[in-house]
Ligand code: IVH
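Okay, here we've got a single chain as structure tokens, the form predicted on its own, with questions on binding and movement later.
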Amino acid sequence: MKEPDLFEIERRNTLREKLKKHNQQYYEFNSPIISDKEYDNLLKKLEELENKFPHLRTTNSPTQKVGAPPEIIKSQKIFPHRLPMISLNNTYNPKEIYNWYERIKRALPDQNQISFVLEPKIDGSSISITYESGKFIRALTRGDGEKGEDVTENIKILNQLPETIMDLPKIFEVRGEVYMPHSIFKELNKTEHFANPRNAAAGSLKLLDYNITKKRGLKIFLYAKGYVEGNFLLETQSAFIEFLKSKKLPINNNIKTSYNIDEIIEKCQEWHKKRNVLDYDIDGMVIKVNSFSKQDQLGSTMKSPRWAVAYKFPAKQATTTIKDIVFQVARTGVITPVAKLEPVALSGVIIKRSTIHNFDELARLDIKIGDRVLIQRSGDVIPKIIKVIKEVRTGSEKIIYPPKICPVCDSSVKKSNKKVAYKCNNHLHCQAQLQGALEHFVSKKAMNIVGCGTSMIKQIIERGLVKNILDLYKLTHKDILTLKLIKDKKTKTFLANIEKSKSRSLNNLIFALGINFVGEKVGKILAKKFQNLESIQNLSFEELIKIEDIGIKTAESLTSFFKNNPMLGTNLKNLGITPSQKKQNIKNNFCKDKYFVITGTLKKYRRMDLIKEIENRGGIVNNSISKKINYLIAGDNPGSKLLKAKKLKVPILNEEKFINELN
């Protein structure tokens, strides 16, 4: 069994102390000081560490016991979703719904009428249920969308779903939401003190003692088709809901089907007014194109389906007082005003700060220190100042002006000609910018330098050991030993982790550089297409803009970055950092730069393995058929995608033909 080093033990202890503090605030004081998402991120980090080193897990770990409730532990079993559980795009007013509707009409120009389904957006914990050969075999949480936690036994004990169902396709996935009724939550909260029904449902779903889960009175609504393999003849979402009902699966009865978008919007607004009559929380309504074939035609982005949208109800609001406004410097040099607030409870979280985006927004809202303000949590997550309650001003309020010097390095601040941003341009010597750049560079999705946390980076900067991100690779054993609480063994491990990062892939390096508008996706696109950094550095704006998924801002940012850093490639090589996109030794380029769609039941490949095979050979796999698709790979029982491919004259390959093409 692999032994943890001192970094990992220290990291575990730090995470435990943070989580125990937040558990006390949450359960004992009923006054959480961070959001659910922030708490879950901390808990996930600890779980990952304990799963990697099981003997670090003890009975008093926050992963085993959370405050006052019974022992809670997330399942150690993680399974991939056959189809990703992607999220919906949100709308917040009728105009945005109309805009979505117009996009649907443009994408379906040959349709005179489009049928829509309107469903309540349940505010609970997402779940994916799988039946194989008619038997209920697995329940997974949403997780990260690509894989989820196994909560099968917790779901089974609720007795909400049949153990067996006749006449189902061979593999039948259905998605839904686990929720806690208000009536149950009210009774439970007399003793357990959960912040809201959503948190109570999510926590109860992962209880170690299944019998306690059963007593929590959780309910399930199922509403969406997941991965289906085998005979499936249903053509619409409304027929699918009726099918679920006929199989004794729990559905929400407040579902509306209509061809009239005005009627759909009217119903959305009606539900906003009457949502409190329900015995469960809804935070909006979901509008879906009814036809599955039209859904396939519309397709999805990497994050959201184009054929569905959520109408989010206005967030709950509260009033509080601005105690101070401070200036925050980002790694890009942009200075942002941040309001320090008199702590206020809002949607189950204590709000103490609110970012004001930029100084134009500060002026537009006419925000002053001492003002009474109305705040809301946008999407019930991000606190935002909506307006100043000027009627209660006393005259003692203080006006805040944009800074003339950087609050961190005292350098001059300039406002961009094209943007509203005020920036500190002292990129080389501003500690705040360097701190942010280094934290981004060492992060898991970038160069993944383990053990290089915020406190260590701060010490390295303060002692003048690094002036830029590449100086990390010049640190010596002697340098690290000068830091507080750093011993010889820890130093060796840290330097070994820095050395290990030199072999990260090219897409990791591109993302790590922190170039404006260049995220993970753009990094992967560039690395896949050009294989090495030198090729990317030499690209012109005109060449970049021709690449699919790279827009004008991204192309401008890339060319500007490499123009200002002409020696980057040479400097990296001198430090021994020569990442390149890994290539497979393949016999031909059949897949290269071609678009594929996969449908039906495969015999020789698992679906995920086939996707990897295509991507490793330079191809791209999409979810839906369109004119740009080069090939449809069709297994048994291919469904509507095969019909559409024939209609659009997309070439069709079975598995055997595809394998022959590869060989």
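Residue numbers run from 1 along the displayed sequence. Computed from a predicted structure; not experimentally measured.
Here the subject shifts to the form predicted together with 2-(butylsulfanyl)adenosine, a form of this protein not shown in this document.
Note that among 589-597, 406-414, 305-313, 431-439, the stretch whose heavy atoms approach 2-(butylsulfanyl)adenosine to within 4.5 Å in the predicted bound form is 305-313.
Note on contacts: among 288, 331, 490, 294, the single residue with a heavy atom within 4.5 Å of 2-(butylsulfanyl)adenosine in the predicted bound form is 288. Of the residues given (508, 91, 126, 354), 126 alone sits with a heavy atom within 4.5 Å of 2-(butylsulfanyl)adenosine in the predicted bound form. Interface residue remark: residue 120 is counted as part of the site for 2-(butylsulfanyl)adenosine in the predicted bound form, having a heavy atom within 4.5 Å. Taking non-hydrogen atoms only, residue 388 never approaches 2-(butylsulfanyl)adenosine to within 4.5 angstroms in the predicted bound form. The closest non-hydrogen atom of residue 216 lies beyond 4.5 Å of 2-(butylsulfanyl)adenosine in the predicted bound form. Residue contact with 2-(butylsulfanyl)adenosine in the predicted bound form: residue 223 places a heavy atom within 4.5 Å of it. Shown without its partner, the chain has 142 as the single residue in segment 131-153 with a non-hydrogen atom within 4.5 angstroms of 2-(butylsulfanyl)adenosine in the predicted bound form.
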